[in-house]
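The chain below stands alone, shown as structure tokens; this is the form predicted on its own.
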Amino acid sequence: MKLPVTRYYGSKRRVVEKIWDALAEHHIEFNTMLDLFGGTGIVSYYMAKSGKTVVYNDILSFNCEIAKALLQSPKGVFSEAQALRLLQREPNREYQTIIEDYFDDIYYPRDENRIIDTVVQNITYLDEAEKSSAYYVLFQSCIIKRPFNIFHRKNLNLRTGFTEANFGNKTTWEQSFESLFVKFTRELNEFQFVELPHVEVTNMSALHCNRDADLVYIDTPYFSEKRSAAITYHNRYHFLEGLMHYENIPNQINQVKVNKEIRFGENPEFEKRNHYLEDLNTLLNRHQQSIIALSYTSAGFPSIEELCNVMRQYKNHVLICNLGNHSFALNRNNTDRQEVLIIGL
């Protein structure tokens, strides 16, 4: 199955077919699936394409807009011409300059900050059916122009002072927003559905998500065995989450941090090493009546055996499916890590 390209840390794009095959191999039958940590929606997309009824959930609202664009917006609802119009300032509108004023020399050069200001404010004038697609195009363009595709550091200098290195591609970073908007509008239209699947998108804490399904798919953040601290998903993508609350960004900037991290979307669940097992217990207790499929990695903390022990408190049968060697799409240093699927029946 051809799938959208994801530029998201920990994306399951390269293993989602193996997840499907593992479920089939063990004769796991289900009609409905709850994707609790949906990210950019690749697992939900695969399941929807395969005819399943899906509930996609994520705590970050920008991720939910990406999911809505892929799963709830009809093919062709958003055109290249519409995308390019977002880059132009309308003469009868007053524009704020929040990104230009507050994020100079942090993530993008000043002229690109001005473009982001323009696009975000123009999106508010679109019909509801078009907004998610517009956000999708903006977010994908913002991500691809960033070294490492994330926002956890003030590191524009890696792009502007680029010398030959083993990461990144200056040609990609320097593509214009115009060319990227065309590229990602075409990409989106390629993967949107003509006939919309049965998908609900919810934007809430995983621990408080009140939806149920035959199969609950869990892909939590994980902690490296070798590091005591972790860069959270909020750290990595706070800037995009902030764009969803554009006018209130100035009041939510953490001035202590040099990268001016935006506080919108901060939540401690599954982001604190010493609370992980407690959070997992709460989650599995909530969904113990469903089949549970938990994605994890051999390089993670807690260990796979510890996770299985928690799973056994709620499920009679626990299967461990090895999905092979897979490094994260944005982290090639851990090439020997094994991706696993832990199934609780």
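Residues carry their position along the shown sequence, with the first being 1. Because the structure is predicted, anything quoted here is derived from the model rather than measured.
FYI, the form predicted together with a small molecule isn't displayed, but the following is about it.
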item	value
Check all three, Thr97, Thr118 and Gln121, heavy atom within 4.5 Å of the small molecule in the model of the complex	no
Candidate stretches 37 to 45, 310 to 318, 22 to 30, 65 to 73, one within 4.5 Å of the small molecule in the model of the complex by heavy atom	37 to 45
Answer option from Glu130, Glu112, Glu269, Glu261, heavy atom within 4.5 Å of the small molecule in the model of the complex	Glu269
Of Leu126, Leu84, Ile231, Met204, the one that lies within 4.5 Å of the small molecule in the model of the complex (heavy atoms)	Met204
Any non-hydrogen atom of Pro221 within 4.5 angstroms of the small molecule in the model of the complex	yes
Exercise: Asn57 in contact with the small molecule in the model of the complex, heavy atom 4.5 Å	yes
